[in-house]
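Next up: a single chain in structure tokens, the form predicted on its own.
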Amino acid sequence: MSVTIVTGGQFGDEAKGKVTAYLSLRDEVDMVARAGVGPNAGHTVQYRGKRYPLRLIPCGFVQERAQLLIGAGVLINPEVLLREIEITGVENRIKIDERCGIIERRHIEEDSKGFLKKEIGTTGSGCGPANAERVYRRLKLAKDLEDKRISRLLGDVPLILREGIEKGKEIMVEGSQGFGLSLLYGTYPYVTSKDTTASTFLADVGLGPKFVEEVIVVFKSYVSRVGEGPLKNEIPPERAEEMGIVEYGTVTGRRRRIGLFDFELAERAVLINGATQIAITNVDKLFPDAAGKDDYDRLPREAKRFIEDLEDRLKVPVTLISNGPDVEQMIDLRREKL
């Protein structure tokens, strides 16, 4: 039995989805549980020539033997969920905790105007107002819905996970967004509506910390951010274009702001998440000659120096190096470093 948590170390967009998908395939994971806020975060998987931009379905769906779960801490937009189930074809192997909060149209409308939209720059997905309503004990839960399409998917996620643990199953918890957006530890008030660290992700799916074996914190080789809020080492859009780094948010479609790697942010993310491993992504964008290399020794010298500097400063081994968009474009160093 082992439980692995995958969490973001920056402001989201770190390619956690790809890391989760890769691990689910390579480690033949039995269960993948989605934690985090809700459909305000997009995870993208590029697999077998097809691109899947997801907001609720766990990215480990590519492992066809894995059971998929959505924890009680995750807010559900039924329309988004049902659409993604149809796209991925996972209806027969997904369960949603009956205590998941439900986002309604009025939450989206409130999130798309006023302070939240203009000052904070939220995604307009309704998550903030819905989480506030849950605090006030007025939020509708999944078990309260009369929609049979949803009710037949409901289950007790903590119980399902505990039964999996007792049977020795390999379990992965997929967090959303990133450390810098944590309501507790991020760049407040320019943050999301709850904590986004490994400890809260465990609570989201109903697991205790004693079951965790690995915490993998994912960093981009640079930093990107959608919306308002501070971004240390931010570079002008024209310089980002010269570097070939032009990106857009999966959920909002807004252009991402780009900054050079922030070691102070990374150090705090490692500390508070309790990282045991680091995955570094988009190495091919910062170092184009690294694209598609299948061996660490074949990476350009500058890329290896960057990775070695990360390990030296963060005191955690870099075990996964993503150097291309496809799930399988990953250098896996876990056997060498763990």
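Just so it is clear, the model here is predicted, and its values are computed rather than measured. Residue indices: 1-based, along the sequence shown.
What comes next is about the form predicted together with a small molecule, which does not appear here.
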For this session: Could you tell me which stretch in 307-315, 287-295, 58-66, 34-42 has residues with non-hydrogen atoms within 4.5 Å of the small molecule in the model of the complex?
Result: 34-42
Problem set entry | All of Ser2, Thr7 and Glu174 within 4.5 Å of the small molecule in the model of the complex, heavy atom check | no
Problem set entry | Contact assignment for the small molecule in the model of the complex, among Pro237, Gly164, Gly155, Gly124, heavy atom within 4.5 Å | Gly124
Problem set entry | Answer option from Ala72, Ile94, Ile76, Val226, heavy atom within 4.5 Å of the small molecule in the model of the complex | Val226
Exercise. Just to confirm, Ala142 within 4.5 Å of the small molecule in the model of the complex by heavy atoms?
Worked result: no
For this session: Give a yes/no on whether Val191 approaches the small molecule to within 4.5 Å in the model of the complex, heavy atoms considered.
Result: yes
Exercise. Any of the heavy atoms of Gly17 lying within 4.5 Å of the small molecule in the model of the complex?
Worked result: no
Problem set entry | in the model of the complex, Arg254 touching the small molecule (heavy atom, 4.5 Å) | yes
